[in-house]
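In structure tokens, the next block holds one chain alone, the form predicted on its own.
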Amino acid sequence: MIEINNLSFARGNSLIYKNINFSLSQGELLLIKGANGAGKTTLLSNILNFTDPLEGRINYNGSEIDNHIASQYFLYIGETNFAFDSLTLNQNIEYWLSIHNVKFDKSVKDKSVNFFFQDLNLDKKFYQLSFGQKKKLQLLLLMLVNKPIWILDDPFNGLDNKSIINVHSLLKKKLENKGIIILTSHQDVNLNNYKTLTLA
């Protein structure tokens, strides 16, 4: 369970948000909505222990989240580039798997790649991809790295309709497997039940 109690954050003299409270149990998803600049990405950064809140507590299974808990249990996918431009796609994937201590045979990796791409040359360099292709490649981590909590910053941005449907399929399966998901998005999530937090 993730519990956030009376969380506030300020940047300089500007209060970004105040007294945020919510809890998520296994199999639950929280959609964070709000205008640009409302603090959606900042809230994720607080949860991941990248930045310190002004006040409040963020706990996972009763323990305050620190770098160890965040790295062991949370899989974060943000909006910034995450790969090495000069490496091939295959080299980047192998690098991600190594830092997460994951090993797959080639057939599993190929099946995951084909879930998002019909035809993709893994010998291409990362810089040769379009924005949407880079986003889909990043989302492969959801299939290749097994961690109980997904923290996703605007995962639908730049995706085509088919890929958005695929992402929703992954979200649904994660919840069925008792995972926890926190994501930001300007659009609603195509799932039956989820919680919503709107930042003003």
Partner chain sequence: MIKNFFKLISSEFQLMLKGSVFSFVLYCLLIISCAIFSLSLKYESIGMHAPLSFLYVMIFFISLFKVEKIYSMDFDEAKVHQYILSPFSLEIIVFVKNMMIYFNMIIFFFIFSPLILIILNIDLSYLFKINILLSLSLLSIIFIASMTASITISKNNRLSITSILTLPLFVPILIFSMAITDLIDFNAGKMYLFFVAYFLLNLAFSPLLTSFALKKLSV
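Remember, predicted model here, so these are calculated numbers, not experimental data. Numbering follows the first chain given and starts at 1.
The next section is about a form of this same protein that is not shown, the form predicted together with the partner chain.
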Subject >> Contacting member of 118, 107, 101, 130, with respect to the partner chain in the model of the complex [4.5 Å, heavy atom] >> reply: 101
Original post:
Taking the partner chain in the model of the complex as the reference, which of 168, 33, 147, 57 has a non-hydrogen atom within 4.5 Å?
Top reply: 147
Original post:
in the model of the complex, does residue 89 have a heavy atom within 4.5 Å of the partner chain?
Top reply: no
Original post:
Should residue 52 be classed as touching the partner chain in the model of the complex when contacts are defined as heavy atoms within 4.5 Å?
Top reply: yes
Original post:
With the partner left out of view, is residue 141 within 4.5 angstroms of the partner chain in the model of the complex by any non-hydrogen atom?
Top reply: yes
Original post:
Just to confirm, residue 152 within 4.5 Å of the partner chain in the model of the complex by heavy atoms?
Top reply: no
**OP:** Would you point out which of 158-166, 23-31, 64-72, 171-179 contains residues with a non-hydrogen atom within 4.5 Å of the partner chain in the model of the complex?
**Re:** 64-72
Original post:
Is any part of 121-135 within 4.5 angstroms of the partner chain in the model of the complex by a non-hydrogen atom, and which residues would that be?
Top reply: 125
